[in-house]
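Here's a solo chain for you in structure tokens, the form predicted on its own.
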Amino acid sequence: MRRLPNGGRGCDVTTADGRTSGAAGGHDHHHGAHHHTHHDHGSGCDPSVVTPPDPKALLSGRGITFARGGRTILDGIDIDVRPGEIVTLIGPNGAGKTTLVRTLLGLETPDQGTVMRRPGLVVGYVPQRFERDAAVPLSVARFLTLGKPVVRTTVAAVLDEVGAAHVIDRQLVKLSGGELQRVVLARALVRDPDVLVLDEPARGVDHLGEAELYALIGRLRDRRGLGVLLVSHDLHVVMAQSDRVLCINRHVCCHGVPETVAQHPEYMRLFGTAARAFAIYQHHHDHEHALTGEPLPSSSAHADTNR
């Protein structure tokens, strides 16, 4: 693989050997929704072209390649997460989504490629699984202050923001699945992050709670101006809350706004019946959605009112 340019102006760069340095120079050569990679099937573009990182991005990766035990887990992946947008990673089990997230956060070192993070970037991370120890008495208020002294008024305000103010003095082991997810989210927010990274945040939550949680994430983005990187299998619900979707299966299969990805042949091939159901659901809408998921009048409705 050719050497990639350190194009993220003013970014901390982590290279495949684990070194971190300040990147210099670089320009924003591409402003659209699509970021082409070596495996961007069906894009209609030269796959050998490497798009420089977006200098506005909070987190960027270029050519991220990662292998373990002779098995390629990630192969040449490019990604940007900008302030105020929700980027969703989707893909089948074993596609490399969690490994990509861990690599972007510096928890794993890529074999090839470059990861760039804005200097001083504060990350709020909600892991895929959070295990509680029933033998350890720990209140919600205490949990939110572990590792970082926070006054109770701040803890109460953040819990209220996520709809969990009523559990502030409850024991962590007594929380329901939905309550626990909101508390773990509050812990990520109490650090006042620039970017929120959520790996399968609705795991263990029922369908109604799942929809409410994703709507909450959208409101947090709007209120705080956060960049959000979201990993999910919950295609129908999460699509409506996403600005851009990256569908991966070790490499990037397709990417762009949700409506584009939902109709892409690679997406349809990976998700089969679920993908077709989503396409049918879109086709029979009597309204359209903005990129943030807000409903808009359909083009046919516009035509009727303008006649």
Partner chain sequence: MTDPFILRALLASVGVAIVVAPLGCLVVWRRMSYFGATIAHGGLLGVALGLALDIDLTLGVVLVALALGGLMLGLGRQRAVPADSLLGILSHAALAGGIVAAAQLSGQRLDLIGYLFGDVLAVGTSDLVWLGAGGIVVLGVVGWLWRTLVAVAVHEELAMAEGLPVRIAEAALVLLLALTVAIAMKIVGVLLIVAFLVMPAAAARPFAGTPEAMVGLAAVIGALSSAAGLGVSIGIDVPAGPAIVLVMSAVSAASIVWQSLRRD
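Numbering follows the first chain given and starts at 1. Keep in mind the model is a prediction, meaning the values are calculated, not measured.
There is another form of this protein, the form predicted in complex with the partner chain, and it is not shown here; the text below is about that form.
Contact with the partner chain in the predicted complex holds for none of Lys97, Tyr214 and His233, as no heavy atom of theirs lies within 4.5 Å. When you look in the predicted complex, the only residue of Pro83, Pro127, Gly209, Gly163 with a non-hydrogen atom within 4.5 Å of the partner chain is Pro127. Shown alone here, Arg118 lies farther than 4.5 Å from the partner chain in the predicted complex, counting heavy atoms only. With a 4.5 Å cutoff on heavy atoms, Asp133 counts as touching the partner chain in the predicted complex.
In the predicted complex, the partner chain sits beyond 4.5 Å of every heavy atom of Pro92. Though the partner is left out of this view, Pro137 does reach within 4.5 Å of the partner chain in the predicted complex, counting heavy atoms only. Look at 74-82, 183-191, 218-226, 151-159: in the predicted complex, residues with non-hydrogen atoms within 4.5 angstroms of the partner chain sit in 183-191. Along 79-104, a non-hydrogen atom within 4.5 Å of the partner chain in the predicted complex is carried only by Arg102.
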